[in-house]
Structure formats: structure tokens, C-alpha cells
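Shown below, as C-alpha cells, is a lone chain in the form predicted alone; questions about how it binds or moves come after it.
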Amino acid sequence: MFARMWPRMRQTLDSRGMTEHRRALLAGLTGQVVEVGAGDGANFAHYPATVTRVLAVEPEPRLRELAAGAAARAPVPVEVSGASAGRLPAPDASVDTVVFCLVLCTVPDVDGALAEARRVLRPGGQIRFLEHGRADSPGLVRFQRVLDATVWPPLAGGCHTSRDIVTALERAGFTIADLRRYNFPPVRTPWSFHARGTATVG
């Protein structure tokens, strides 16, 4: 159900400003890229020409079909795969950047996904991330945890609102740079707390 709803929801979010965040996320990328959880391929149009290849991983069949259509229109070569975040179809130390965009909230094993990203990154490679997660006040965090333990994940395709993605990246051995935190939409809701940045092996 969520896979059917997401493309229209995503288009609404993009029209209200998420497109600019996607562009900022991908700006300046070069070489070989793996995008984890590509959804319907919303990022593909924003990859710069300096990217030589994108391997886009999307395990959900309906979204993967939409992503394949977006790949055909992309300005850079994009291959869409049905693999998962925990088993990326790339050799060790083979890619320049791994992109996570609004996906780590749904991944069953965040630590495993980040370890797999580290495996495929070349020395000096980076993670680019744009994720929503844990709120900035104890009251809202408690509310997020209640949502995550009850109704929200089944309604929202496995999404968890209270995950602290920045801490997870640091726990996985990455150093965070260019971190920007903001609310999107610009109000305080359980799902509005976003972080965008770059992570390199510390």
C-alpha cells in the first residue's frame, strides 16, 4: 500500500522544497555511486554529469519498476537492482560514494547497512545522507517511540521516526562533515526532523 502511495507523496514533498535538498545532497559527486533505497528514482535527474555510473538498489517491486523508467531518462548511466541494503551487489572498495536518501528509517538493520556501505567504499570514499529521524526534545522523542512501537511502521512502509542516523553513522566509524539539521516541512512534527551531510571513514 505504501509503495502505491509514495510516488504521489514524494511529488508533493518535492514540489514544496525537497527537490532543492536532493540537489544539494548530490552536488559535486563524481565517479561510481551506489544509491541505497532509490524508491521511484526521484534522485536520478539530479546527478551531476561528473558521475560515471549509478547502481541504484530498490527491493520493492513497484517502486523498482518506476525507478527503471526514471533511469532511462537520467542524465547519467543508472542501473537499477532489486538487491537490499544489507547485500549490495558491488565488490569491496569499488565505489566512490554511497547515497542514502530517506531510506534508513525503513532499513531493518541500520548498522548492517552502514557496514555494507563501508565495505563497498574505496579508500577516501564517502556517504552522502539525507534522512529524517530523532526529534530535538525529550517529549517529542517519547512520542516518536510510541509511534514506532505501534501504528507508524505498518502504515508507512516500515518507517521509524525516532532513529538517530547521525549517531548510527558515528557508531559505524564514520566522521560527519557539512552536517545540516532542519525541519521539513518547517514545522515540528514527529517526522519533520531532517539531517543532511557527508560521512567519511574516520
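Quick note: we count residues from 1 along the sequence shown, nothing fancier. All values reported here derive from a predicted model rather than from experimental measurement.
This next part talks about the form predicted together with a small molecule, which is not shown.
K.L.:
Contact with the small molecule in the model of the complex for L63, defined as at least one heavy atom pair within 4.5 Å: yes or no?
P.N.:
Heavy-atom contact with the small molecule at 4.5 Å: present for L63.
K.L.:
Against the small molecule in the model of the complex, would A85 count as a contact residue? Criterion: heavy atoms within 4.5 Å.
P.N.:
Because a heavy atom of A85 falls inside 4.5 Å of the small molecule in the model of the complex, the answer is yes.
K.L.:
Even though the small molecule is not shown here, does S94 get within 4.5 Å of it in the model of the complex, heavy atoms only?
P.N.:
Answer no; every heavy atom of S94 is more than 4.5 Å from the small molecule in the model of the complex.
K.L.:
With heavy atoms only and a cut-off of 4.5 Å, decide whether A42 touches the small molecule in the model of the complex.
P.N.:
A42: contacts the small molecule in the model of the complex.
K.L.:
For this chain shown on its own, do G37, V103 and V107 all sit within 4.5 Å of the small molecule in the model of the complex, going by heavy atoms?
P.N.:
Yes: each residue has a heavy atom within 4.5 Å of the partner.
K.L.:
Based on heavy atom distances of 4.5 Å or less, which listed stretch (167 to 175, 55 to 63, 138 to 146, 26 to 34) is in contact with the small molecule in the model of the complex?
P.N.:
Partner-contacting stretch among the options: 55 to 63.
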